[in-house]
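Starting off, we have a lone chain in the form predicted on its own, written out as structure tokens.
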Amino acid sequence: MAQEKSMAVSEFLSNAELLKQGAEARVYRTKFLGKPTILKERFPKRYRHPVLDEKLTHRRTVQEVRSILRCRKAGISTPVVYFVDYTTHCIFLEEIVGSLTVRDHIASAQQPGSCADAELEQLAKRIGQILAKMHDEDVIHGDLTTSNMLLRRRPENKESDLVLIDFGLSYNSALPEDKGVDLYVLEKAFLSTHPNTESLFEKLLKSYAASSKRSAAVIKKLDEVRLRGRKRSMVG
């Protein structure tokens, strides 16, 4: 039965459109049960012992799916998980059709004459609220960037839905340190991708702090992580 499933997944892969290949996985576009689908395949690492590689890859696949489902249960928008094949380490996910990355949206809003400051502030507040909710569920994303957040326009609602994607490095932790590092990763990515947005990111953090009863310890850890980062930069 497992072999039949693997053969079926291999057939999907052979007919799928390769979108991206990273160090950990390949990402394809395909159709599953007639629905637009993103297929994520974790491939073997030849430099690792096969038994160890299988264990680590299986664990990462399981953790990614758990994080997505945990967020969805908490009311956070993430792609629907259609199917998981643990033999080939493939995850079939809903493709967020007609969406725009937050990265592209901010870049567009920053164009001269766009007059979108108020809209960007609202977006920053929403991101802060959603990340607070995610951290309150003890989910650490591990790769927070504005490219891993999508805006999906809902037909019944003028406001776009914010969807978190790419939980490939996610894990569960209740430690404020891990949540602080998660925010630090976002801050570094945010400010390097979107110049002159320090005040916008501060609004994001204020919204995060106001949305979680456990935020004080996390923000304190974020400040400590920032300090360590600055020291490393000075030392080189």
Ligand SMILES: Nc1ncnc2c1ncn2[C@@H]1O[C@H](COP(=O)(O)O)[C@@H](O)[C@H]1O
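Given the structure is predicted, the values throughout are model-derived calculations rather than measurements. Residues carry their position along the shown sequence, with the first being 1.
Same protein, other form: the form predicted in complex with the named molecule, not shown, and the subject of what follows.
- The candidate stretches are 69-77, 88-96, 132-140, 118-126, and the one lying within 4.5 Å of the named molecule in the predicted bound form by heavy atoms is 88-96.
- Remark: none of the three candidate residues (V9, T30 and V84) comes within 4.5 Å of the named molecule in the predicted bound form, counting heavy atoms only.
- The shortest heavy atom separation between I165 and the named molecule in the predicted bound form is within 4.5 Å.
- In the predicted bound form, at least one heavy atom of S147 sits within 4.5 Å of a heavy atom of the named molecule.
- Of the heavy atoms in L227, none are within 4.5 Å of the named molecule in the predicted bound form.
- Of the heavy atoms in I38, some are within 4.5 Å of the named molecule in the predicted bound form.
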